[in-house]
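Two forms of a single protein chain come next, each set out by itself as structure tokens; they are called structure 1 and structure 2.
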Structure 1
């Protein structure tokens, strides 16, 4: 389309408003086409929902392979360009960042909302009216979750822990590690509880991946673990284990080298030559002596430690490791209470940290440095094992999701039942509420109520159950006695409709609240767009040397 001008009489020249090549489309067709695009994206991740959900294998342009069940990861890798469909990618990502779990359901829910209101759009209902309805429904639903959510007593430590474990288990059940749920939930909960309960900085949970071994061989280190870095000759002569080591963390390069890169020394007499050499040696030895003087016996540095220093330390029964990654070093500091020093002058024993035990150990095919039993242990490290790299990556993502859920659950202690139970209950509630509302809103809210059923429906479908049968059963149960059958949902294990709250399929209420809010937002956003103006991708600027046209 060559630009768009206002409709003008024949004789007048066309007024060009937009740049040539700009693509525009507008009105209801545009809206409908946006909705179709969103639905198409939804279809891709539909099958990943629930304990019987499947994984996706995605190979990107560089040939990297990702196998994942995580909604946000898949959406990101799909590389969606359709602008409306991109909002779905964004809400998945937002959900991931905000609560870390429920990324698949949020996309699914948004898609289903759009699908349900589509017919209203086709019938010509103003999109503004629809948006109002959807928002209202979302508000009602969220308020209802607040009423329904069960708060677990914080005071009882055992109970609080059980809550965390259950939430983590629900999040894990759809993942590859689902069958090792018990093992990994314990690990996730232990890891989070070890953190500073005020800040809950998940950056303090280090995750290290070591290929080889079964996933059951994964372990949680109550301290810091990192891979042995590159070492110089002499390293093997250093002692490899200490009880109560004194740890120095440095940001100093311990190598014999030119102090300034482009410096030049002019020597007048031959005898001075030796003096310069000696001076250079003295610089490094001064540094080494200063470190030793503090009584440190484990020296870590972010910068390289040269062979000279390695041998110096080996000579004096000190362990050293150079080129330690920044985050590892930070966590060592956090765990042992030492401070990173950028210079060796003024280095005192006060800057050193300690822990119960330090050792170098073989984990799989790699040597690891382990710091265990740390006094200020506000940090921990999870060492993941698995048969293939993609496998460990997926385990890491799943574990990360659970850790995020646990983190959230530590803060808010209210939970709802998963497995489609809460969605079914909200659906019933909205349907009842809709009847009391006059006008078009009634229809829209009823449509939202129907859209919420997508979660249990998809769960059944993925598990290969008779979907209609299950959904009708659920609807009936929830309608018969909203109080008694409040937590009835799809029980995948039993292949039946049961009380999932009693079965401990728990999810933090926050996950659901966030999911419904973002899904509604995304749907409203898509609905409010009636025109896309995309300027043509700017081509390569004119190749140099080519004459400008017209002259």
Structure 2
């Protein structure tokens, strides 16, 4: 229009959605950054895989030292702060809780999946297309495991036990206790077989650690065993063993305390003070008489049992132990049928439990209370011996993994060969399946097939073998005759490619199924994230301990 000056463009108002200091990263660079973080975590535990895997020494913020090659333990102690990489910590914990073994393998598989599909992300392939391919490949692999798994007949007890021992031995071969594999294999299988075979509650297997001695000094107690935490004057006079004892479990303090510790008492006469003291003695003696009247000859309590009560029970041929840990007392109740009582009022023989035999014995430098032949629940306790405290802790973790594997083998009767054999067979199967699929999915499934080779490849690297030569031999054998060479893997002992199923390197099929499913889901989760929003940590305007400024 005439006479009007040049128009000034209108300024768009700035819209602030996020708080100042919030960091946002999005797009392909963010996705690649997440993948790199996951690969860095995988590189940390890569060398712990297999019988020749190395241990990691980790020192936490409090100076506690942990030496372990267990994947779940290492991931838990690493204190990973990168949000995407913490996904790998979660799947390691889930694998440990679900099946007990394969924690390192599941992290390596997830990392290798991300490594193989990273080039597709860099080339601009949609993340959703990659996710569909990974999930399809995982479904094909899990279905193939179901076809390949060998079911062992459980009708023959000897054959069923041999299956469990082979699964436990395979799990222990990569642990610190691998040198004593036969000894601990029998212990793990015996522990699981002594449980209720319907429930298989691993909580009924107690593990106690006693420093000193050798690993071979470890023992399995058919029943409940726990360390006697405290001994009062007079405990030497108590009987140390009973046949068919009557057991009372209490949450009652049987100790006479000084009056000044309990309350302030104001009296005018000495006789009044003496009456208060006599009343306290009368109260505790009433409690002791009520316990004795039930016929109990073994008394356990979570709270202290003082010198007076200990001597009282010793004079009447009754064994007592105070300050018993809660989990130990709960296992005694479950196994013997008694119930924890919080008062001695109305305490009757119906509240007591029993077992075939009770005894107190010395193990190493500590005294243990042993309850054998428990009728109500099938339970057992493993007492571990060893030199250093860190060594016993690692033995406990290793034995726990083997117990979980045996427990899973009892529930599911199907097994596959370990040593990278099943992964190589799945890799061959997925490559053949990819050739029959059109489009981008073919390349992604082929990438998953290559990622599965990380297990045998890492086994060779950790053992110091020629990785290229071994992987080439495995590929050739599996491609030559899949039916005949399906169980060929890396034999660490013989340093060769052999039939590992014939050499009894067995693993429950559920371990592999869970590992592949968890790794695929973790990889898909990382690939589905295209933006990370990190809020700045709130800063305390008034740090603790600093006085307020004066006016």
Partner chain sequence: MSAIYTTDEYGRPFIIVREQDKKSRKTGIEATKAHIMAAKTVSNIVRTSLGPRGLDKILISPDGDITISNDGATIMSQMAIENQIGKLLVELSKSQDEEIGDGTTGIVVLAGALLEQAEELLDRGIHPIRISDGFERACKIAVAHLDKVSDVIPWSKDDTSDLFKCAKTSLGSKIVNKCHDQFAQMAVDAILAVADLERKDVDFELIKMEGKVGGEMADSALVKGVIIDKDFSHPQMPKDIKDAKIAILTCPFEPPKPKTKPKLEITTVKEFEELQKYERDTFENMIKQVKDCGANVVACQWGFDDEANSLLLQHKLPAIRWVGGPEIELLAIATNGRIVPRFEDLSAEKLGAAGTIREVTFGTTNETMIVVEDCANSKAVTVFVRGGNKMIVDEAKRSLHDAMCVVRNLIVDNRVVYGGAAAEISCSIAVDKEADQVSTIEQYAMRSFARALDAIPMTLAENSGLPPIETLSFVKSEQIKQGITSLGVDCMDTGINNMKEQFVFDPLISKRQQYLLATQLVKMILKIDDVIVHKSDDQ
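Positions refer to the first chain, counted from 1. Note that this is a predicted model, so its numbers are computed, not measured. Rigid core (definition): largest C-alpha set, two forms, superposition within 1.5 Å.
> Of these two forms of the chain, identify the one that is the form predicted alone.
Only structure 2 fits here, because that chain is the form predicted alone.
> State yes or no: after fitting on the rigid core, is the Cα displacement of residue 143 between the two structures at least 2 Å?
No, the C-alpha moves less than 2 Å.
> Tell me whether residue 242 is among the residues that move between the two structures (Cα shift of 2 angstroms or more, core superposed).
Yes.
> Honestly, after the rigid core fit, is residue 118 moving at least 2 Å at Cα between the two structures?
No, the C-alpha position differs by under 2 Å between the two structures.
> Rigid core superposed, I'd like the Cα shift of residue 349 between the two structures in Å.
So the C-alpha of this residue moves 3.4 Å.
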